[in-house]
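Coming up is one lone chain in structure tokens, specifically the form predicted on its own.
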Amino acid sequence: MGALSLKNLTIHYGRQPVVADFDLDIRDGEMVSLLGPSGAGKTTILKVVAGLLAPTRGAILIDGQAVTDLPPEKRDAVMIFQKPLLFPFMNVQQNIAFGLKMRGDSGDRRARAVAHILALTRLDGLGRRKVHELSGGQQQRVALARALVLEPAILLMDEPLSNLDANLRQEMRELILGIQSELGITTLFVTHDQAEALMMSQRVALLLEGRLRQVGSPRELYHRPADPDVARFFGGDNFIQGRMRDGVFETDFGPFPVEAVSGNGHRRTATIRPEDIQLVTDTGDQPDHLPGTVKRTRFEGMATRAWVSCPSGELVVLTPRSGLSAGQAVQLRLPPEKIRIFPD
């Protein structure tokens, strides 16, 4: 299909910079999520790639060819918006075929392409339905079909599932993943939902305040965040201050032997995910356990989140144990191999 390269993109609204020095390479056939909170600049980047906005500076390349100055219809990139934006006076077939008709494809070719894409997007039997007769999930599938039928090099998706309920979102995620895998279409998927990004993508690009903070596999961003801001975005609650001394991370919570990290003697920040802390209710003396008291708990289905007060500070624990209560004495173990020490 096509590879997408964004080089040093900087985008202003008036004098206000929205995105600065943004670089991202997406391989042919790869699905990458552009993740970030509202206002981070995600949709702005998609619009620039689609040709709906012009960057202040930088370059956009599709299959190695610069398209920065080309109009949208010359870019071989199609964008799906948060709202389906279908033509209400056309039925499903006519909506899907519209782009093919504008491109000048013959009637027979349009009919074959539309029939194939209806089956692919599970819209069989709905071709003659009007837009207002469709559910929200069906309308979004029509928008997806209308984009895919053009066989673009690049598919751009701007939070297409955010208006759907939880069950429909999951159904659409599976559908999109299946189609993307079958067609091998290069996809840039914008979302503010961390779980959705981790589930949908081969790689995730995290955008915070208009700057790209980390790119990597879902596991890399979740388990090896580049800095405390990235860790916080992915639900990190526990940040520990300490110093490295000869392979030991010395903290108020105790010393932790860790993998070799540079900066001997320097003050460092580390994190450990709540689910990586081991909680035990047996209060017998264990040399590598921290004594603590449960301050409060929150039931989260298959796990309980507990805020535990220790002599050196508070830690948040996510544990499968149930029945914890405020004031209960517990002990915590922080596995050294789960502690992530951030670079300077």
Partner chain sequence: MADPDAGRDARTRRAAGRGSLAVMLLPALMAVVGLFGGGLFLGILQGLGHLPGAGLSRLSATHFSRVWSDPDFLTSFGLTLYIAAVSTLVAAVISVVAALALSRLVNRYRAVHFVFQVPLTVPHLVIAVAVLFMISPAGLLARVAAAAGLIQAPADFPLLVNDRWSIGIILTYVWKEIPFITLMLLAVLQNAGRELLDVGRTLKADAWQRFRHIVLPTIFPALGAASLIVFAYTFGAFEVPYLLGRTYPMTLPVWAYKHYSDIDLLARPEGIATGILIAGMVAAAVVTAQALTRAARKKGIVL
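Positions refer to the first chain, counted from 1. For clarity, every value in this text was computed on a predicted model and none was experimentally measured.
Same protein, other form: the form predicted in complex with its partner chain, not shown, and the subject of what follows.
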Indicate whether its partner chain has at least one heavy atom within 4.5 Å of a heavy atom of Glu209 in the predicted complex.
no
Should Arg213 be classed as touching its partner chain in the predicted complex when contacts are defined as heavy atoms within 4.5 Å?
no
Looking in the predicted complex, any heavy atom of Ala226 within 4.5 Å of its partner chain?
no
Arg75 within 4.5 Å of its partner chain in the predicted complex, heavy atoms
yes
Name the stretch: of 174-182, 160-168, 228-236, 244-252, exactly one has residues whose heavy atoms fall within 4.5 Å of its partner chain in the predicted complex.
160-168
Residue within 4.5 Å of its partner chain in the predicted complex by heavy atom, from Arg129, Arg219, Lys83, Arg112, is Lys83
What residues in 76-109 sit within 4.5 Å of its partner chain in the predicted complex, counting heavy atoms only?
Ala77, Val78, Met79, Phe81, Lys83, Leu85, Leu86, Phe87, Pro88, Phe89, Met90, Gln94, Phe98, Gly99, Lys101, Met102
